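Consider the single chain below, provided in C-alpha cells and representing the form predicted on its own.
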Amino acid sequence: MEEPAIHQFDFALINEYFTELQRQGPGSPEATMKALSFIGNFSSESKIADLGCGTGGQTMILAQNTKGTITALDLFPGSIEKLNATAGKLGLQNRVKGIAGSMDNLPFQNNEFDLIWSEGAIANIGFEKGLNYWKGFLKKGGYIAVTYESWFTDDRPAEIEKWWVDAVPEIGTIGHNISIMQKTGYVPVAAFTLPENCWIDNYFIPQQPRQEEFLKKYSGNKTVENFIAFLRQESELYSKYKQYYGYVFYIGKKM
C-alpha cells in the first residue's frame, strides 16, 4: 500500500498541528533577511503580499525590516488569528494585516504589489502556475521571492525521488527552476539554498514534543498516527538524503 502524501490528510488536522508551531516549514529569520537583501528599497507607500504566510514568522521579519504595508494571506483562519495577534503584540497592526484566503484565488487588484513573498507554499499550487498567476498582481519592476523544494543534483536515489515526486510532482533542479522563472516573465535576481539548520533546528526538532502531544490527545486515531508517521519519515529521509535536495530561495524581478 502506498504511503499517503501530506495533502491527503485532513486540512483541519494539519491546521491544528502546525498552528501551535513557530514555523510551518523550513526557514529562518537569517534566510528571510538574506533574500530581502537582494531586493530594492521600500518606501512607506510600498505594498507587500506574503502568500501562504502560516502564523507569520517571516511576515514579522519582513515588517520589521521594510517600510510600507503587508497583506498576509493563508488558507487557515487559525493561522491568521495568530498572525494578527502577534502583529498587535509587536505594535505592527497598522502595517500588517492577515486575511484568510487561497493563493490560487487572490482577492487583490492587478499590478497592486511591489513585492510578493512566499516561503514554503508555492508548491501547493505549482511553481510555474504560481509564478505566472501571481505576476499579474505585481507592478512592473516589482519583485517576487519564494522558497521551493528543489533537487541539488541531476540524479538521486529512487527512494527520495519517489517521495518528493509524490509530494511535489513538478520538483526540478535549481537550473530548471531558474529557467521557469525566466519563461514566466521575470529576470532572475538571486537563488540560494537554505542551510541545514533551517530544516533540522527550526523545523524538525521543534515538532518532536508537538508530535507526542498530538498522539496523546488523539490516542487510537489512525489518521493522526499516519500523519505523525508521515512527518517522522520526512525527517528521517532528510537526514539520509539531504545532499540531494532542499529548499531554495528564488528571487526575481517582473519584466
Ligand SMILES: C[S@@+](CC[C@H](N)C(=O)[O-])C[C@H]1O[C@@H](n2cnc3c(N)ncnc32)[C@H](O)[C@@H]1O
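Only a predicted model underlies this, so the values are computations on that prediction, with no experimental measurement involved. Each residue number is its position in the shown sequence, starting from 1.
There is another form of the same protein, the form predicted in complex with this ligand; it is not shown, and what comes next is about it.
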**Asked** Thinking of N15, M103 and A121 as the candidate spot, does this ligand come within 4.5 Å of a heavy atom on all of them in the predicted bound form?
**Response** yes
**Message:** in the predicted bound form, does L75 come within 4.5 Å of this ligand, counting heavy atoms only?
**Reply:** yes
**Request:** Just one of 184-192, 35-43, 212-220, 54-62 has residues with a heavy atom within 4.5 Å of this ligand in the predicted bound form, so point it out.
**Result:** 54-62
**Asked** Can you name the residues of 20-36 that have a heavy atom within 4.5 Å of this ligand in the predicted bound form?
**Response** R23, Q24, G25
